Each structure stands twice: as structure tokens, then as C-alpha cells.
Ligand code: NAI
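Read the single chain below, which is given as C-alpha cells and is the form predicted alone.
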């Protein structure tokens, strides 16, 4: 029976009738993705009323009209309008009521999920009688609210555990991670998985079967380890699960993120006191969390990254990006292979070059290993794996470079080597091709001195490992053509990167502000601080790893070379520590040769501090304890001051870009919002006071940036007040 349109009275939904089944298609014409904004919620309310009264309708299907998106979650904009915790609690209660009405509707509703089903979208699907997922890599389901410093607020903390079991629900809610369609089927989050082409037809059929009584409603909780199901099946077992979850969460977050612990409280309340009490606790905690500094900063980062997605990198809207269909990568080492990997994952043809066949083979092997990992973890299909592999080829000469739209250089960090590569490559490149350097410290203008077409030369600073680190710094010099900037920014986004445009200068932005932070950690070592104390203090501050561990990870040789380049440019205040130089001269390169500040096993796993390092430090200074506050004050304030200097020098275009660059490039604590948001939180006057106190102790290292002194005097901020 063909579908017939009914009452076109909705602005964000379509309602069609197929026999006795209503098909509700969510398709907000004013937004690229479906979210639970006010207009959608109003239309849902009207649809519910209509379905309650249409007795000829015996079942319904909820489906999306947008490709690859079911419902992406709540409209985050509405969070900015919340005045206090009571407002937020009321918003949560309203969401719970809407989802509850979907669950108790007169007719059973089948959720037909194709694409992202997140946050409020998944909470809505959980309230449906049956859930079918499209078998597509784009289909992901999750409750990512903890990434905004919040918890699910429309019943997710109550319905998800009842659907997939306590252990699986805790894993999803506390991490905010998504699950793909096959995993969702295994754990009982969805009841069926079908090809996208038949999703609608199967959903209509299942809806009719449930209405007829020939098919049961969703049972959920079909998967999971037998041991986990047995443990969470009794009150004592659940108590153990909750206790372990709290312990793991505290260890992982260092107590800096309150949302995961609040989620555990809400879930536990539902188990102990029933669903209504659990919903009330969920709403109350949602309200409290909405007013925390952590949530405000994480929501800022959400909007900042969203804003960057629309940023073309140039001010003139008439400038358009050129297509990039094929690239060439110079250097098949760790970075070159990483760039090649993300390029083929984005569907780009890649020609990978190095000096000899062994290096090329090693690079191609590294690409294959990362792609294979994605296949093993079911992020991609076998067909996609094969298609991606066929996009890359290797060479030891410049064959295949003539038709490349973009050449990315990832050779040794030496200006003489890079100049030679630029001269050689430009002879074989197409006339309109772009040359990009992956240099991490050398100014692009210095590289352009060797170029016959400097207007088409630019920097693309990827971070390591390329396939995991989200940031891309696009570095422009005075002569870079706007068309080149727009093209590289657009291509960076195609690679899935968060892109910031940075003006030229030694170290650019991320490495420039990282250098004084690393240097000060090294100077603490010079004075007698203990390696583990330095790292622990900064991890507790919120960095993913401490500065000494970071040096071992990136390579002591790499850090040493970068530090010297920046010190040559900025003078004494950026002078590296004695400790780093002497450890490097001893032949210790860090994890890469399993000898650094830490010990490593044969697989490169960190085993603990190598105490013999202390003997390499001149003067054999006795180790002594430093307070965590002293360590944090000296290292973090050095970074904040340099961030302000970089902004004043015009290296970054805005405090927003600086915050994004620091969080996504060097792991600045997200819950602090970035260096500029953090300075606003402290107060610019307080930042200047602390810097002056440090500069009195260490003359020349902490002299406040002039911009900070001016802002403190005027009572200004980097960002508008929330």
C-alpha cells in the first residue's frame, strides 16, 4: 500500500500514513542536522496528540529525512539561556516528560536509525518499543553528555541500564563514547540491523507486527559477558559494580570532572529507589552540573570548534578553495606515513616518496597497520579497507608528482634539507600545485626563501600521532596567496582535523607556548625536583601526561632540536634546561630507543623513572621535594604568559583560536577551557600579580606580556563574560 500525505502542518517533521502505520520523518529544513530544538519538540508534541486521536493508526515509525543523521542530540544553544540550576533542572524534566510520552503512547513506535543517534536522540530511541539500526559505518549511538560536563537529562541514566545492562551502560555514559550498529545489536541497544536501503520497509513491517501481537516489544540486555550479567543481577553484585566504577572514574579524571560521578549517582538512585526517583535525581544533578565551571568551559569548546568548522581561513568570501584530489607526501617516516593514512581515509590518492625502497616499504607498512586497526575495530568495512589501500603508492623518485594538487613535505627538521627538497620538488610539480611543509618550528618565510613560487608555499603542522591528534596548524607567511590558504584549510577539514590558521613565527603557536612549559619543568629538574613529582603535579592539573613524559614520548632529540630553534629566536627567556641537553647528549632519545627519563620494556611500555638520569645532571644536585603548587605555578604560568605574547605578536588571530590550539594540540586541560579562558577565570590582574612575583624570583623568565599589563589596568578579559 502506498503512503499518503496527511496534514502538512509541521515545520520540522513529515507525517505520512502507510495503511495503519504512521511514519514520522524528522527533517528540520532550517538545520543541516536534526536536533531536539524548540521547533522539533513542538512538532513532536503535536504529532503525539494526533496519533492519540487517530484510531485508524495502530503503530508508528520514527525515521530521519537527513542522510547519516537520526537525531544528533539536544540543541546546545538552549543551554546558554539557562539562568540557574533550577532552569536547567526544569529543562531536564521537560525532556523527560517528552520522552516519557513517547514511551507511553497509545501506539507502539519503532525507531529506524540511520546515522548518528546521540544524546537526546538515543534517549528518544530508548523510549521506543523497538529499535532497528542501519548497517552503515555512519550509524553510531551514544550519550556524549559527559563531554559537555553534563549527564544525560532526558531519562538516559535510567533507560540505558535497563536496556543494555548496568556494566555496558556505565561504559557508555561515563566515557561518552559511541557504539556502532553491530555492537549496539550485540549488547541489546538495538533489536535488529538491516541494510540502509530496506530500513524504512522493515521498520514499517515490524511496527505492524508489534501492533498485531506477532512480535514482542524490545527486550534489550541480550549481550554482555555472562559474568557481568550475573554480578549486576543482585544488590551485592551491583554494589561492587558501582564501587568499582567510582574508583576507576576518580583515577581517570583525578577528580576534575564531576559529571561521570554524578551519572553514577543518578543510575544508582534508579536501581535503589525506582525509576521515578532516578529521573528526579537525574534532573537535579543535570541542573547542578549546568552551573559548574567545568561545563561552561566544555560548552565553550564545543561552540568554538563548531565555529571553526565554518571558518574558511580567509576574510574574503569570494576566495574559494581549489579541489584536492591527489597529494604527494615527501618522507615515509612516522609523520609522513601518518599524513598518508589520514589522506587515504579521506578518499585522497597519495604518492608517498622517500630516498630508498626500504623506507618507502616501511612507510606503506605503517599505513596498512593503522588501516588494519580500523578494520579490526570495525570502524571500517573490508571493502573500505581495500579501497583505501589502493589509493596509496610509493616511489623513490618524483614520478607521479606532476598531477598532485598538493605536496606535503615531512622530511627531517633541518632547513638545509628542506630547502633542497623544495627546489627539487617545484621542478616537477604542476604550475598551480601547493607545497606545504609539516615543519613544527622553522618559520615558513625562511623555507619560502628557497621557493620559486612562495605564494603557493604554506605550512601544515600535523601533530603526532597524526591519525589520533585532532589539531592542524595551517601556517601562513606574508606572501601566501589567499586561495592557497582557503584550499589547505578546506582540505584539513576534509581530513577530519580541527584547523586553526596561524601566522608565521618560530614554533608557530602550539610549540611556542609548549616550549617555556617544558623548559621550566627542566629547570625544576636542574634544581633538584623529582621527575615523578613534576609529572604528577601537571597530570593532577589536567594535562594528559606530565611534561617529562611528554618529552620522552615525542623524542628527547626532537624536543631538544625544537627547543634550540625557539631559543635562538627568543633569547634567554626561552633557553632550554641543562638537564635536557645532558640527557640528550648521553644518547637517550626517549621511548623510541627505550632510553629516556623513564625506563621502557622491549615493547616500549613505560616502566618507571630511570634514576640513573639524575647522575647525568651536572653538579649531581640532591633530589628534594617540591610542592605541586610550586611546580604548577612555574610551568603553567610560563605557558600562559607566552600564549598572551603570541596573541600580541599576531601569531594567532583570536583568543578562541589559541584556546582551541592549546587544548587540541598540546593537551591543555579541556575543563579549563584553554589558556585564555583560564586567564579570564583567574582574572588578568591576578595573572599579572603571579607573573611579577615569579619574575622577582627568576628575573627575565616571567616578565608579564605587555598585553596582560594593559588588560589588567583596564579590567579587561580575553572573552566576553558567560
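Bear in mind the structure is a predicted one, so any value in this text is a computation, not a measurement. Positions refer to the first chain, counted from 1.
Below, we turn to the form predicted in complex with the ligand, even though it does not appear here.
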- [ ] Work out which of the listed stretches, 235 to 243, 459 to 467, 113 to 121, 250 to 258, brings a heavy atom within 4.5 angstroms of the ligand in the model of the complex.
- [x] 459 to 467
- [ ] Could you spot which one of 354, 89, 642, 405 gets a heavy atom to within 4.5 Å of the ligand in the model of the complex?
- [x] 354
Task: Option touching the ligand, based on a heavy atom within 4.5 Å in the model of the complex, out of 80, 198, 361, 417 - done: 417
Task: Partner contact for residue 336 in the model of the complex: the ligand, 4.5 angstroms, heavy atom - done: yes
Task: the ligand contact in the model of the complex: residue 128, any heavy atom under 4.5 Å - done: no
- [ ] Considering only heavy atoms, tell me if residue 411 and the ligand come within 4.5 Å of each other in the model of the complex.
- [x] yes
Task: Distance check, residue 143 to the ligand in the model of the complex, heavy atom within 4.5 Å - done: no
Task: Heavy atom contacts to the ligand in the model of the complex at 4.5 Å, residues of 427 to 444 in sequence order - done: 438, 439, 440
